[in-house]
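The data below hold one chain only, encoded as structure tokens and taken in the form predicted alone.
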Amino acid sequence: MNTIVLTKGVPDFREGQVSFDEDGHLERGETPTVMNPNDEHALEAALQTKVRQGGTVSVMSMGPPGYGDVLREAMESVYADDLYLLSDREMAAADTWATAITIATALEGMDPSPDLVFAGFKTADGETGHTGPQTCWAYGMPIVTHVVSLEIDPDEERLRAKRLVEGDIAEIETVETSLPAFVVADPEFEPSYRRAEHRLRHRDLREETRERAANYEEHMTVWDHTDLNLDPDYIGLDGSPTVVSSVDPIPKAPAEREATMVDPESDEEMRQVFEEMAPLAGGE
């Protein structure tokens, strides 16, 4: 099984230092970046596939050179074998469509081609949920979205998944499709390692990955638009039909918070704490 996980760096909103240019585009080079939280579910699904079916897992992202740290974090999460970063100025300020075109082209250049591509269901910044399905459309794979569990039959080249039905998170349906396939993991996804051999392999992969992640740059391939033979007019800002009409500023978190120091050895001070907290504990 050759598996690829798509991930993205998103602004670290906890820092309160998100920077935009005069046109409303996020200045990613000036903004603290973390791995998109929803991609964790895609990574868990890909890791389950590697543990239970074997094969390799690659992680791919598009962004500035600083995204290497995001890819390193993803490598540690999914025990990835290698990393791919799509990065140059011509790809900058892309909307979901231009991003999908770029990623789909990179997927077409993979050798061997992927049996499975995993993506998170939306990012913490744009929250459109478009990139995964658009990439799938451009690449030409069957897609299963909102996946909460999955089983792979590599001999039959089939994927069987349980997914949340749109509009009712309490309803689950089971679907099947052929491989290769594209999977969008839902936040409700739960990995399963029922057999002892799976749990042992999970442990062994964790140990192997620690050494690899420590030198992640040796396992990272960087492609620019010329490597992918992409026309700059169809990627990045020039290839993005989306127009940002306005951006609401994100308030900076307070640098300091007021706190009352309490000596746990002081009966009087602890009594005051309990008296203040008692009404809250009782639901008043």
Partner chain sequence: MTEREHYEAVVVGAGPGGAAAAAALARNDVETLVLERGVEAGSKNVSGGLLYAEESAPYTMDDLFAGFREAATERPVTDYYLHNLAGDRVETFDITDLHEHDTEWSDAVLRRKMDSWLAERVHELTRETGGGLLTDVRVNGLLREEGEIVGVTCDELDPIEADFVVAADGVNSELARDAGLMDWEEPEEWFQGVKAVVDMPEGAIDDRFGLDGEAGEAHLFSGDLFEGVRGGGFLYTNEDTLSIGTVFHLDSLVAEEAEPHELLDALLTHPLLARWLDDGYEELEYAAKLVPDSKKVAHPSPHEGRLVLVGDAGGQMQAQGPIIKGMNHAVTAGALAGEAFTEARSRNDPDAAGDLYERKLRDEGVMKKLRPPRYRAVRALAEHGPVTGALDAVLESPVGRFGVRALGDRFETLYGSPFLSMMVPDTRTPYVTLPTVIAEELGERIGGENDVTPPDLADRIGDLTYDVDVGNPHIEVVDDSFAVSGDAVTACPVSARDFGGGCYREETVRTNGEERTVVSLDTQPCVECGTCAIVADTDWEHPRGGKGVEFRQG
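Predicted model, so just to flag it, every value in this text is computed and none were measured. Numbering follows the first chain given and starts at 1.
Just so you know, the form predicted in complex with the partner chain exists too; it's not on screen, but the next bit is about it.
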Item to complete: Answer with one of Glu176, Asp204, Glu127, Glu156: the residue that has a non-hydrogen atom within 4.5 Å of the partner chain in the predicted bound form.
Response: Asp204
Worksheet item: Do Arg160 and the partner chain come within 4.5 Å of each other in the predicted bound form, heavy atoms counted?
Response: no
Worksheet item: Hey, in the predicted bound form, does Ala196 get a heavy atom within 4.5 angstroms of the partner chain?
Response: yes
Worksheet item: Is Leu200 close to the partner chain in the predicted bound form, meaning a heavy atom pair under 4.5 Å apart or at it?
Response: yes
Discussion item. Only one of these stretches, 115 to 123, 187 to 195, 96 to 104, 77 to 85, has heavy atoms within 4.5 Å of the partner chain in the predicted bound form; which one is it?
Written reply: 187 to 195
